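In the block that follows, a single chain appears as structure tokens, in the form predicted on its own.
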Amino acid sequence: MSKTIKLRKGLDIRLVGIANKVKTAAAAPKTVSIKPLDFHGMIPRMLVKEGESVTIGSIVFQDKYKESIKFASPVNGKVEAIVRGEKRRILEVLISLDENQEASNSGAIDINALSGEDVKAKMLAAGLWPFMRQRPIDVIADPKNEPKAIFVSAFDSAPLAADMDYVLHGKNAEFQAGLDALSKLTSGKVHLTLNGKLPADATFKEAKGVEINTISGKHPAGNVGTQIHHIDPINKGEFVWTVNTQDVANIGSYFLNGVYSAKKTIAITGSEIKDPAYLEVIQGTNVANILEGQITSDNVRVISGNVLTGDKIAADGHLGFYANQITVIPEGNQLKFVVTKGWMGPGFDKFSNSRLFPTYLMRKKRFTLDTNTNGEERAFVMTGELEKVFPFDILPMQLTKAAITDDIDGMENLGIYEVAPEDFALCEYVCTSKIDIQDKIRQGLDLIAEECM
């Protein structure tokens, strides 16, 4: 039965730089990148060498320990470099583009004629499986596991996030085909969760073969973890798979057209962007051309993703595999005079989750915030602030402390199987002690994966 959920906890961080609903196609980049670091816990085994040619959908590398999971090239081109770090760890695979970007077509595939195992085999062979993510642990889904349900969030509530109703408008056929494919992978339900505060696009509200739920409230209402917790919670030994909305459409496009689709629409956002807008890009695209002439100041941070969970990249870096936006905000590495811009200042330019600054009363004002944490890490003290923004029936501070101390029993009892690092992004933002809570939760999840699964 469909559910309607209203959250009382959460926090919307209102930033300047939301993308205008203008969509253009980005110029072809010089290079694209596939970064193994985007896939936590995965160790790649290269199937191509530097200088070799690749085509759209050809396999570049596979998971060393789960060889059925393969990663495809998003373009026609040549492997320009395999960038390695310490201990020869592969950091990224750079591919330069050919002029011809036509993809070979293997023909449409009738999903209705396939079994679940057939759908899984075709997705694995085509390099589509990295789109599938798994809870618990928040990693690429293990194809050997049986999910009790699959969740798709039809909206993103993170700061300056792309409007998925706008992005997926007109892609009804691809999105529905993707849902049809997902429904073959589970004997349970495919849950599609809509934003209860706004009317949904026809692509979502007319979806068939899924259970449509609605959820309303502040961020993290759009996080799939929040939706799983309130709709179908995870117990030890159970698995739930999740897929991003654009990735659902790309899966559907493959079955409809027989072509690996690596295109996505991203939002270019942030206070330091001249003209925030939407761009159609290639997965893993180089952002240099995208940001050329767009950044309005020198001292900025470029983020692949949103400000809470995204990754810092260089101005000529590459878009992350799962990122649907690029955010550019001021770098917070400059000293602030305590009486004017510091904690003693009037605070008319500061976003406040409490009543500390008068801007608490300005409910619609948007703010230009930088990356300064306004303090260093200190003793982890009880404040009650984490609980105000964490809409789970879980004790966030106690779970974080259990993760810090490697307390496996404590983590299991406190709900570690239900959460992912992104679920604690707001807790990290409001934390008085400046603890890197997302990192601590990731460490806890890694320990659980190693010892208990």
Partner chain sequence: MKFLENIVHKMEPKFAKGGKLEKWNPIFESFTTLVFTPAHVTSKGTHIRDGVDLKRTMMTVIIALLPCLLFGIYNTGHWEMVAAAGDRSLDFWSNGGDKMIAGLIVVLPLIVVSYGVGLTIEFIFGMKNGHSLHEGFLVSGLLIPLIMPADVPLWMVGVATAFAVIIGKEIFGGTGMNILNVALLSRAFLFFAYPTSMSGDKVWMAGVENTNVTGFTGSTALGDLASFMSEKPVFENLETFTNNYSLSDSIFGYIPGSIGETSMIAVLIGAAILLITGIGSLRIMASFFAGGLLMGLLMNVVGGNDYIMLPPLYHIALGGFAFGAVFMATDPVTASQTATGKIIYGLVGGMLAILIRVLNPAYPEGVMLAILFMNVMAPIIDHYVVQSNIKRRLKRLKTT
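Numbering follows the first chain given and starts at 1. For clarity, every value in this text was computed on a predicted model and none was experimentally measured.
Although not depicted, the form predicted in complex with the partner chain is the subject of the following passage.
*Asks:* Considering the partner chain in the model of the complex, which of Y166, Y322, F351, F239 comes within 4.5 Å of it through any heavy atom?
*Replies:* That would be F351.
*Asks:* Sort through K264, K171, R301, H219 and report the residue having a heavy atom within 4.5 Å of the partner chain in the model of the complex.
*Replies:* None of the other options qualify; the answer is R301.
*Asks:* Would you classify V430 as touching the partner chain in the model of the complex, given a 4.5 Å non-hydrogen atom cut-off?
*Replies:* Yes, V430 lies within 4.5 Å of the partner chain in the model of the complex.
*Asks:* Would you please decide whether A19 lies within 4.5 angstroms of the partner chain in the model of the complex, comparing each non-hydrogen atom pair?
*Replies:* So A19 does not count as contacting the partner chain.
*Asks:* With the partner left out of view, is I290 within 4.5 angstroms of the partner chain in the model of the complex by any non-hydrogen atom?
*Replies:* Residue-level check for I290: no, no contact with the partner chain.
*Asks:* Using 4.5 Å between non-hydrogen atoms, is N235 touching the partner chain in the model of the complex?
*Replies:* Within the cut-off, so yes.
*Asks:* Can you tell me which of 198 to 206, 227 to 235, 84 to 92, 138 to 146 lies within 4.5 Å of the partner chain in the model of the complex, counting heavy atoms only?
*Replies:* Of the options given, it is 227 to 235.
*Asks:* Do any residues of 351 to 386 have a non-hydrogen atom within 4.5 angstroms of the partner chain in the model of the complex? If so, which ones, in sequence order?
*Replies:* If the 4.5 Å heavy-atom criterion is applied to the partner chain in the model of the complex, 351 to 386 yields F351, S352, N353, S354, R355, L356, F357, L369, D370, T371, N372, T373, N374, G375, E376, R378, A379, F380, V381, M382, T383, G384.
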